[in-house]
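First, one chain by itself in structure tokens, the form predicted on its own.
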């Protein structure tokens, strides 16, 4: 097993940007676990699966599904779906389906296997508590709801996706509620994790604080 730096936090907290920068600084690999859940949501919706459908229906689809993350790209059954998974619809369904045990079990080993032969910076919502509870260093990155809603709004509009700021804020609040209240692997701060609010910090400031916390990884 390689060395793992695990970063958790809610939607829009800046995990992806920071995790990539930290990975580059350390010379580690990078894994976006949220992208894997988005890919699963995409394949389930493409097969007309609804959130209330039975585990058996989900299992029928997942049994023929192969999801990988390589070089910051997401592949679903061999097809690059990196852009397809970044829609508002998939943003919603990835959160909904991630509360299902069958989905989390399906992706657990795939996430852990990524660190078998590589040092990794991993980001997600349960990487510090469930996937890599023995990570070398754990960080919980947060920001205010208003700041996260603004970031998500700018992210969507940059991609040409029309969304209102009020809708962005509601989506953030709904996702926070689902992530924190689900029975399986709820989003929470792991013991020993650095709790960092990025609301009023630049990317470089966040990066420096995390690198200072990490220190020398041995």
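Quantities reported herein were computed from a predicted structural model and do not represent experimental measurements. Residue numbers count along the first chain shown, from 1.
Just so it is clear, the following notes concern the form predicted together with a small molecule, a form of the same protein that is not shown.
The candidate site formed by 14, 150 and 169 is entirely out of contact with the small molecule in the predicted complex, as no residue has a non-hydrogen atom within 4.5 angstroms of it. Of the candidate stretches 33-41, 61-69, 159-167, 48-56, only 33-41 contains residues with a heavy atom within 4.5 Å of the small molecule in the predicted complex. Contact check for residue 138: every heavy atom lies farther than 4.5 Å from the small molecule in the predicted complex.
Not displayed here, the small molecule is approached by residue 182 to within 4.5 Å at the level of heavy atoms in the predicted complex.
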